[in-house]
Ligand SMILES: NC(=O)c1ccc[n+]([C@@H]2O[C@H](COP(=O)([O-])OP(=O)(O)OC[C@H]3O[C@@H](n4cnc5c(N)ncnc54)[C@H](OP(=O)(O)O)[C@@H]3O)[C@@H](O)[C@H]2O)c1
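This document starts with one chain, in the form predicted alone, laid out as structure tokens.
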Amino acid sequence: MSLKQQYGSLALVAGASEGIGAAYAEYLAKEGLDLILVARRKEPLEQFAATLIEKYKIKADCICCDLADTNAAQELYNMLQGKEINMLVYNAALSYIGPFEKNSIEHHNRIAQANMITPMNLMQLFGTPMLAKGKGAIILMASLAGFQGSGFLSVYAASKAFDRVLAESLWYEWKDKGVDVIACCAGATATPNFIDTNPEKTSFFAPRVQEPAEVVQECFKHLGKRPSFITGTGNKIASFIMQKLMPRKMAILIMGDTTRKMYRL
């Protein structure tokens, strides 16, 4: 059964203009779904939408929205009333790399809003109609950083732990009601944002940096089958060692030391 047959014909992708979000949008367009693409920057979003329309002969509407705004979820929902969203992909995220105390309270709060509060609210606003219809899907991007304390990524890592637990919880609540929920827990991925941070490779044994399309393809293999998963063989092995074989203190030390070296902190 195709995604369109299983869930419906319209998907909303938040954080869609580049990287993993763009890869989700292209995958869904290739499957024949029409799209609502959401991001902050208007021009690249509209250019990307035009490319998808031309290439896959689908419909794609663009909404410029700052998902770190307090009322972003409700405003987005209000703009789309009358449209039946069959799949929600939340990829948007803010991060800060560095000492916790050096970031502003305002930016910490924006990270929390964009990474936790807005997706939680969107899951309720769009998930409730899915439950009423008895079918739908929600994909929430999480991260390996959220599996333990991650020094110099503290608020980002904590927000991704929240995302994974929220998705896993709703997977259980909604699994017998026709709505599939999954947390996609990615490691280092070659997105423009990741590349722009100019990370150094910390060791020969570090997991390979994945391409966005790899992450997305793996996610759709697991959707409807698992509450969450870790992308990439190297990431799975590293996570198993850190979560199952190491004391938690050691895992936290390794994460902090790795981030310190990657970003020369």
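From 1 onward, residues are counted along the sequence shown. In this text the structure is predicted, and so the values were computed from the model without any measurement.
This next part talks about the form predicted together with the named molecule, which is not shown.
Query raised in the report: Any chance L12, D34 and K59 all have a heavy atom within 4.5 Å of the named molecule in the predicted bound form?
Result: Verified in the predicted bound form; spot residues all out of contact, no.
Query raised in the report: Using 4.5 Å between non-hydrogen atoms, is D66 touching the named molecule in the predicted bound form?
Result: Result yes; D66 sits at the interface with the named molecule in the predicted bound form.
Query raised in the report: Is G19 a contact residue for the named molecule in the predicted bound form, using a 4.5 Å heavy atom cut-off?
Result: Yes, G19 lies within 4.5 Å of the named molecule in the predicted bound form.
Query raised in the report: Does any heavy atom of A93 come within 4.5 Å of a heavy atom of the named molecule in the predicted bound form?
Result: Heavy-atom contact with the named molecule at 4.5 Å: present for A93.
Query raised in the report: Heavy atoms within 4.5 Å of the named molecule in the predicted bound form: does F126 have any?
Result: No - in the predicted bound form, heavy atoms of F126 and the named molecule never come within 4.5 Å of each other.
Report task. Select from the listed residues M141, M130, L122, I138 the one whose heavy atoms reach within 4.5 Å of the named molecule in the predicted bound form. Result -> Checking each option against the named molecule in the predicted bound form, the one that comes within 4.5 Å is M141.
**Report entry** Option touching the named molecule, based on a heavy atom within 4.5 Å in the predicted bound form, out of R40, R226, R208, K221
**Finding:** Exactly one listed residue reaches within 4.5 Å, namely R40.
Query - Partner-proximal stretch of 79-87, 166-174, 101-109, 153-161 relative to the named molecule in the predicted bound form, 4.5 angstroms, heavy atom - result: Stretch 153-161 is the one.
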